[in-house]
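Next up: just one chain, as structure tokens, the form predicted on its own.
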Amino acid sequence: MARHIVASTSEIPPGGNKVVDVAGRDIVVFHVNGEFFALLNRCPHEGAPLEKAACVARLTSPEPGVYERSRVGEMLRCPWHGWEFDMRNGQSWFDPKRVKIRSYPVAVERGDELEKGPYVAETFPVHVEDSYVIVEV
């Protein structure tokens, strides 16, 4: 997989997302609970843009009348038909064996830690003041 720098961390605020074109694919990067997640920006049902999906919590019920919320903001609810997916791996909750959103590995690295390319040009001092979000496709 090739690595692509898609944004600085400050471009995607907590609870927000950003759509990027990586190798001809629309990928949406979410910033939730201090982590970044990258998914294909297309619901597998009818193609709704997941950048407009609601970021909701996982709701479970250990017994009748008792509900527990967990993983707040890590579940995506499709804006068109309400299908829900796990942001960490793209897995659906209604048909986990057959329906899934493509997910991509994400890393956050400081600018001075990024891998150097094969070409060398004249350089000037640069100050790094932020980190970058990197997606592998």
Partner chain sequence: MSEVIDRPLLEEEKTATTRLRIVDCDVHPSLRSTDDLNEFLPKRWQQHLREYGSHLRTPYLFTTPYPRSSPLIARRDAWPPTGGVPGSDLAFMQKQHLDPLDVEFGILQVLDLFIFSQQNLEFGAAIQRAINDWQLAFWSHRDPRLKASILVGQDGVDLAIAEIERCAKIGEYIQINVSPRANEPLGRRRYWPIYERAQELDLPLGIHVGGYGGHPPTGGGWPSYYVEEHQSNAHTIAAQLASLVIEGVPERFPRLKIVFIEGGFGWIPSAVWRMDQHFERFRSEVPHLKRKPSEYVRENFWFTTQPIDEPDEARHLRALIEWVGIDRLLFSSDYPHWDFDDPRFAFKTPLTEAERRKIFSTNARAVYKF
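Residue numbers count along the first chain shown, from 1. Please read all numbers here as calculations on a predicted model, not as lab measurements.
The same protein also exists as the form predicted together with the partner chain; that form is not shown, yet it is the one meant from here on.
Using a 4.5 angstroms heavy atom cutoff to the partner chain in the model of the complex, none of 71, 84 and 87 count as contacting. Although the partner is absent here, residue 98 sits close enough that one of its heavy atoms falls within 4.5 Å of the partner chain in the model of the complex. Put simply, residue 54 is close to the partner chain in the model of the complex: some heavy atom of it is within 4.5 Å.
Of the heavy atoms in residue 46, some are within 4.5 Å of the partner chain in the model of the complex. Residue contact check for residue 80: one or more of its heavy atoms lie within 4.5 Å of the partner chain in the model of the complex. In this stretch, 20-43, the one residue having a heavy atom within 4.5 Å of the partner chain in the model of the complex is 42; the partner itself is omitted from this view.
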